[in-house]
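In the block that follows, a single chain appears as structure tokens, in the form predicted alone.
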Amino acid sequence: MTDATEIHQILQELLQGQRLAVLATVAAEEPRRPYTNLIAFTATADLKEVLFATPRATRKFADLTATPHVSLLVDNRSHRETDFGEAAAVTVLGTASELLEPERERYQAIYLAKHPYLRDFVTAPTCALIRVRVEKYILVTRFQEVHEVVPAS
């Protein structure tokens, strides 16, 4: 059994420690099927928001503009047998939107604190900084223990 403090700690470790996530969107065009992308992300300290960057001329940007409901998968698997007992994965459900000035500057600093090597990419005029307002986390530990967490408002 995992208590609330342990669940919060696992979420913090996953969201602060991992650099990449799988983003799932719904295709903007027919057939409207799920589409996944590997993204570099960061979460805000209060875990209420997740940030990532993407060029505006991409399928994922068109998808999340048409349908802003997204999910992200973040995990700590090591591709070993021990993952079945030790790995943790969290699905982040939320609503995505592009950050515009003046908010963008503050969130861009948060993003670049984790990914300083992406400065040229993120600051390019063709790149959008996306904020996902988290509605729910679904955390799976020990292969089958499922916990749902709604960030405090």
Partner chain sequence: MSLVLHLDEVGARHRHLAGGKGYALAVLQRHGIPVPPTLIVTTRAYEEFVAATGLRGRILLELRRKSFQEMRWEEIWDLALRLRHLFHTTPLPPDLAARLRQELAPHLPERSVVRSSAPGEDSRQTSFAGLHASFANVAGLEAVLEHLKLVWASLWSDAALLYRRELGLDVRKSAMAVLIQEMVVGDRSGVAFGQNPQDPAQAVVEAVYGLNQGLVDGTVEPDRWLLDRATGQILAYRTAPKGEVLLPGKEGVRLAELAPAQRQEPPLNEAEVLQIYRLVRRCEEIFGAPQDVEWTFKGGQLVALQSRPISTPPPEGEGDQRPWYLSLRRSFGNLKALRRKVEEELLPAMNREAEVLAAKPLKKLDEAALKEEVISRSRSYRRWKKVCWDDFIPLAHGVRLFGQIYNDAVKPRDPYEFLDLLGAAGMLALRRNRLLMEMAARVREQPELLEEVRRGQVRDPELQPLWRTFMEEFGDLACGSSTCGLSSETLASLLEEMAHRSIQAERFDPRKVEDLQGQFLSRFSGEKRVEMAQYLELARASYRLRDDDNLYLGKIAAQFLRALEEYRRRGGELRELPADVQELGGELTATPAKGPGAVGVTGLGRLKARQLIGQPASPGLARGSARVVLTADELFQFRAGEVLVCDALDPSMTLVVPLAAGIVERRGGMLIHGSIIAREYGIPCVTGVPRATRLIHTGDPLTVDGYLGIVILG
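Residue numbers count along the first chain shown, from 1. Owing to the predicted nature of the structure, the values given are computational and were not obtained by experimental measurement.
FYI, the form predicted in complex with its partner chain isn't displayed, but the following is about it.
Between the options 47, 99, 27, 89, the residue in contact with its partner chain in the predicted bound form by a heavy atom within 4.5 angstroms is 47. Its partner chain is not drawn, but in the predicted bound form it has a heavy atom within 4.5 Å of residue 82. In the predicted bound form, its partner chain lies within 4.5 Å of some heavy atom of residue 11. Within this chain, residue 138 lines the site of its partner chain in the predicted bound form, having a heavy atom no more than 4.5 Å away. Its partner chain in the predicted bound form comes within 4.5 Å of no heavy atom belonging to residue 133. Screening 103-111, 64-72, 39-47, 124-132 for residues having heavy atoms within 4.5 Å of its partner chain in the predicted bound form returns a single hit, 39-47.
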